[in-house]
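Okay, here we've got a single chain as structure tokens, the form predicted alone, with questions on binding and movement later.
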């Protein structure tokens, strides 16, 4: 029996009026016919440039914006009629850690305040706050004013606040955008830890490609309000035929032997392409692309040695999510 997604969107649209001048405006689809399913316990990344529609989409899924078209359900609630129920059932951390944080209260007092706002059972409040302070390594800072701790710690405080009520979905809108390298690394580690240990479904927006690659089970690439592709990074590579490759540098290879070696290499399972470059011995090299590369590289080296070809060096290359992102946006934009 198929498990229902926790978020299911079909042809979702959000349109804003953009003013051209004092008397003229034109409509802009910030989110343009988006189809998206999100499953329990996964980390889904919305990846795109500024203005791609990521934040608008998250706000609709979190019950903060009403769509202008399409259909959608979040935890079974309708995105048109059940805004309050959706907002009560999900958590959202804004791009800046200072939203919702009171600098006149200590770290612990901020969590105590929000525990009351969330109507958390009085007997559970101290226990839950202690657990979160320990879990997010904030226990030693519980009596500090938020303004006196780092931006990364304030972001962790915002995440702790969002976890007080154990909502099953957590939205993170560019969670590391204003953090230094150390703070951003710590927040990324905690995002994975939250997902792994609490089983919370996480949807995050980012324009940092390496962040999406490290954190996300699936990545939805957005551009001009549309989802161009949505899949795991491995599957996105396969769909775009961006395979892992290896360059095998070798000694001089006579032409007849070169053709024979390429024929045998090309016949190996999972090999997508095979070529040879370099007429001079010091520049001769075979290039192999395969999916996955590790399944054939050893056999490829054995094949070359069986043909008495001297192997000088082996380099491997894995297409990054940046390559995939640029290929996706450019290919869809050209079609």
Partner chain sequence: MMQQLRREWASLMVFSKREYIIWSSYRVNAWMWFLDVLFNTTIVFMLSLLTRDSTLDFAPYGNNYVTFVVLGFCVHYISWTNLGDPFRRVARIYWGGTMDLYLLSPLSYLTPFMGIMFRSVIDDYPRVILSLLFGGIFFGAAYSVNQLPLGLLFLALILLSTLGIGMISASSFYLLNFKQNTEPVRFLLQDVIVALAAGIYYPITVLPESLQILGGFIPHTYALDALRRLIVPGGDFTTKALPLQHWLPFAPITTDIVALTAMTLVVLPLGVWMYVSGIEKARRKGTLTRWQ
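In this text, the rigid core denotes the largest set of C-alpha atoms whose superposition between the two forms falls within 1.5 Å. Keep in mind the model is a prediction, meaning the values are calculated, not measured. Residue numbers count along the first chain shown, from 1.
There is another form of the same protein, the form predicted in complex with the partner chain; it is not shown, and what comes next is about it.
Across the options 69 to 77, 253 to 261, 224 to 232, 118 to 126, residues that bring heavy atoms within 4.5 Å of the partner chain in the model of the complex belong to 118 to 126.
With a 4.5 Å cutoff on heavy atoms, residue 95 counts as touching the partner chain in the model of the complex. Contact check for residue 131: no non-hydrogen atom falls within 4.5 Å of the partner chain in the model of the complex.
Contact annotation for residue 168: none of its heavy atoms lies within 4.5 Å of the partner chain in the model of the complex.
The partner chain is not shown here, but in the model of the complex it comes within 4.5 Å of a heavy atom of residue 109. Note on contacts: among 285, 29, 289, 55, the single residue with a heavy atom within 4.5 Å of the partner chain in the model of the complex is 55.
With contact defined as any non-hydrogen atom lying within 4.5 angstroms of the partner chain in the model of the complex, 16 is the only contacting residue in 16 to 32. Remark: with the core as the superposition reference, the CA shift of residue 88 between this form and the one not shown stays below 2 Å.
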